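Only one chain is shown below, in structure tokens, and it's the form predicted alone.
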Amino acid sequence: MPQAADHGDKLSGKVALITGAANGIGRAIAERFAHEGASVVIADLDNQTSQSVVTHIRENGGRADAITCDVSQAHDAERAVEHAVTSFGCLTTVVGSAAVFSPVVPIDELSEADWQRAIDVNLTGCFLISKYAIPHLKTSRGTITLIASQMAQVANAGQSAYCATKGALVQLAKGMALDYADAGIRVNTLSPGGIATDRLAKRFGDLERAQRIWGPKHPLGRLGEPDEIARGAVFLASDDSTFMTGADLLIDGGYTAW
């Protein structure tokens, strides 16, 4: 994250609850939001890493807090929302970034438990965090951004469960955008392409191999960087996108243009 002296103000006065923000894209979003003036609450199962992100943000002049949260559990989602409001006085912004990858296998080889876990975290988690945040967002006329994927539009062999959940997020956001437009709440999805994260490194063995195999599938010839996605999330949460709701912001290096 840039040093405190370089802070921007695109999100000044915003209070953001970001799920899955201990690592990867979620962490980049939390750090970029703090850099742009938002107070951020990191909701993640990995409390130790979440606290290290909080420390990093605070050391760079930002405002942050963390709470342990399993987004698939209603009680945890509700508690995370209330923690954000208690910590910073209100809630203006929600980013649903928590997600799991299912084993890369065809459907007949995918266990019912792995299928259900993908639904519970990737889809139900966004439903729950939105459900409990919306009463507060009505007051602030706030925003919800759900992190989908280019796999919401195209498929990949062995990833039917992941693709199904990400496609469902796009439709969930569109429905909520219509339900709450009169309340001034804007709801959008952000769809990254392949991004150079630890999660992708684990899937391919290391990031160098991921770049070699997955990078060329993007017309720009490389994987994206987490902060490139975070900047898109800032746009959706800021006043730069006030005429945008029910939309999917695709930042995929051209992956879906082939």
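Here the structure is a predicted model, which is why all the values come from computation and not from measurement. So that there is no doubt, residue numbering starts at 1 and follows the sequence shown.
This next part talks about the form predicted in complex with a small molecule, which is not shown.
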Stretch from 143 to 151, 86 to 94, 177 to 185, 102 to 110 whose residues place a heavy atom within 4.5 Å of the small molecule in the predicted bound form
143 to 151
In the predicted bound form, does Ala237 have a heavy atom within 4.5 Å of the small molecule?
no
Please check if Asp70 has a heavy atom lying within 4.5 Å of any heavy atom of the small molecule in the predicted bound form.
yes
Are any of the heavy atoms in Glu208 no more than 4.5 Å from a heavy atom of the small molecule in the predicted bound form?
no
is_contact(Arg117, the small molecule) in the predicted bound form, heavy atom dist at most 4.5 Å
yes
The single option of Val121, Ile134, Ala164, Val170 touching the small molecule in the predicted bound form, heavy atom within 4.5 Å:
Val121
